[in-house]
Ligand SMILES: C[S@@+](CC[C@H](N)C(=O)[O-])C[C@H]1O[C@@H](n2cnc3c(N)ncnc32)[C@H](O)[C@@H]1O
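In the block that follows, a single chain appears as structure tokens, in the form predicted alone.
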Amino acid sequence: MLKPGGHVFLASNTFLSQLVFTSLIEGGLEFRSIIIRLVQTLRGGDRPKNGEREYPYVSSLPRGRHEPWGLFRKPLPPGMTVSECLRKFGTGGLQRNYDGKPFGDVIESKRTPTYERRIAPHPSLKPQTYLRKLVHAVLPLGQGLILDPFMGSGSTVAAAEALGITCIGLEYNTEYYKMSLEAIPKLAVFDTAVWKKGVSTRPLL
């Protein structure tokens, strides 16, 4: 389904990323980069189990302060340049930020705001400020179709809707799918103009 030169963003964590990323590479996608979402997580930093008092100054794992997202691309046809791919398929690169600067591989991101989690109480809900950056970047010419095959409560679909981009979401879990029907229109109306200036989004309602 992916056009030549089309990109894939894949959310992961430090435990699974090496396994999942390798599988996608073996499946034929090009590994392009890791997008680091700088966010304080709740994973790691614990003292050794059943040895908390004996080893109070030891952590079994570092405290998580980032979330690795894999960036992959479907290979360009042999001999085709990115410019040629852009002309033929509208793919091959990433769209620059609204200020003209290149899309970066490190993105500061606070935890999902409470008002967004109230709208869509999904266990892994990502904030609109973060998702809109990815949605904007993935279509280099600002045109095309985005597919989210694991949409959860629909936050990626909402981010695309806010930016006027067509996105199809698929979700196996019936509970999350029903949640998305109400969550998408509410998340999509957050002030896009304010977001483009780099300020945290707030509901318009």
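Here the structure is a predicted model, which is why all the values come from computation and not from measurement. Numbers follow the displayed sequence, beginning with 1.
There is another form of this protein, the form predicted together with the named molecule, and it is not shown here; the text below is about that form.
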query	finding
Distance check, Thr41 to the named molecule in the predicted complex, heavy atom within 4.5 Å	no
Contact label in the predicted complex: Ser124 to the named molecule, heavy atom within 4.5 Å	yes
Distance check, Leu170 to the named molecule in the predicted complex, heavy atom within 4.5 Å	yes
Contact flag, Leu139 vs the named molecule in the predicted complex, heavy atom cut 4.5 Å	no
Partner-proximal stretch of 58-66, 31-39, 152-160, 45-53 relative to the named molecule in the predicted complex, 4.5 angstroms, heavy atom	152-160
